[in-house]
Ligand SMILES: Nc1ncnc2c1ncn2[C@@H]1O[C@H](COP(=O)(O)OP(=O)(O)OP(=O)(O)O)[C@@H](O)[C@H]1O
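Only one chain is shown below, in structure tokens, and it's the form predicted on its own.
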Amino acid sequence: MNHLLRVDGATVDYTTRHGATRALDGANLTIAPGERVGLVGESGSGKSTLGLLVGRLLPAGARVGGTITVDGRDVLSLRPGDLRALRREVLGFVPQDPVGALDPTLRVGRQMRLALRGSAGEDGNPADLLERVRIDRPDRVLRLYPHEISGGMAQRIVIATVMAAAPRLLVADEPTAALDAQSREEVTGLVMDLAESEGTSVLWLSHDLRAVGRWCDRTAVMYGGRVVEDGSTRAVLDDPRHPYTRALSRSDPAHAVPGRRLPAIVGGPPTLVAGAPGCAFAPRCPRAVADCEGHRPLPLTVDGRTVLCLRPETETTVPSDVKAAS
């Protein structure tokens, strides 16, 4: 298959005052042209690190291994000029904090023009771009500073700017986390509609399983710096085979039922200082046996998806309100 993005055995180590910390521990992921992939997992699972790695945007002190290929180009070996061209011509990033992504000293219109310089959207009218993301009175908004607009409007401005450059791959890192429920739904739908109209592939990093179930073709689940389950969204969310995916679905706060205790995943996510010798989820897994802590699981194909588990689940017991949206 022709992949727009291919991540093979990616490792990332950070050096901190407490010693080395491993953020990615052999992560694998692919995205085909036009595909929308949701990347889910607890905080600390490695989602944001993987998203930044796609554009080689990690801090200078990060030690990176493995292979990351975007549009046939080896990201880790690109020269600075070629890397800038890749980011400008192929990649687009929508951050979690839209206001923080805008320059507080420049009016909205000025920084949109600067951001689009040299890209496919350079000749676009900023007012038209804002209308495209359903912002009323765009001429007035273009004259405002970032502190004069709401978080939802800031996110729409960022989306308009990013999508005007016609990226082939959009990486969105929790882009609706700071928004209210109504704005989250509107902004998510807006991004996905624009991506579909442009033929843009999407890597959507999120905690919101319901949104991933509604909008994404495939879902990849991360834990301990690895993708532990990867398959069609319907298969992964309706019928998870990795014990972590099942536990994550059951504990999702968005699906809490009034008067019923929300099941929690026992323990906490690991902090790795090196590669996990076995399954990183073993200390929290109800299905773990002695081999799980000493044997690093290899990818298995189970019912049409890839699973990293020595003892994958075999029965469907996920609550109906967690299932992928039809």
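Quick caveat, the model's predicted, so the values are computed rather than measured. Throughout, we count residues from 1 along the sequence that is shown.
One more form of this protein should be noted, the form predicted in complex with this ligand, which is absent from this view; the next part is about it.
For the options 207, 113, 88, 250, the one in contact with this ligand in the predicted bound form, meaning a heavy atom within 4.5 Å, is 207. This chain lacks the partner; the member of 263, 44, 275, 283 within 4.5 angstroms of this ligand in the predicted bound form by a non-hydrogen atom is 44. In the predicted bound form, no heavy atom of residue 306 sits within 4.5 Å of this ligand. Interface membership of residue 23, defined by any non-hydrogen atom within 4.5 Å of this ligand in the predicted bound form, is confirmed. Mapping the unseen interface onto this chain, residue 16 counts among the residues with a heavy atom inside 4.5 Å of this ligand in the predicted bound form. Contact annotation: residue 239 falls outside 4.5 Å of this ligand in the predicted bound form, judged by heavy atom distances.
Residues of 158-178 that come within 4.5 Å of this ligand in the predicted bound form, judged by any heavy atom, reduce to 174 alone.
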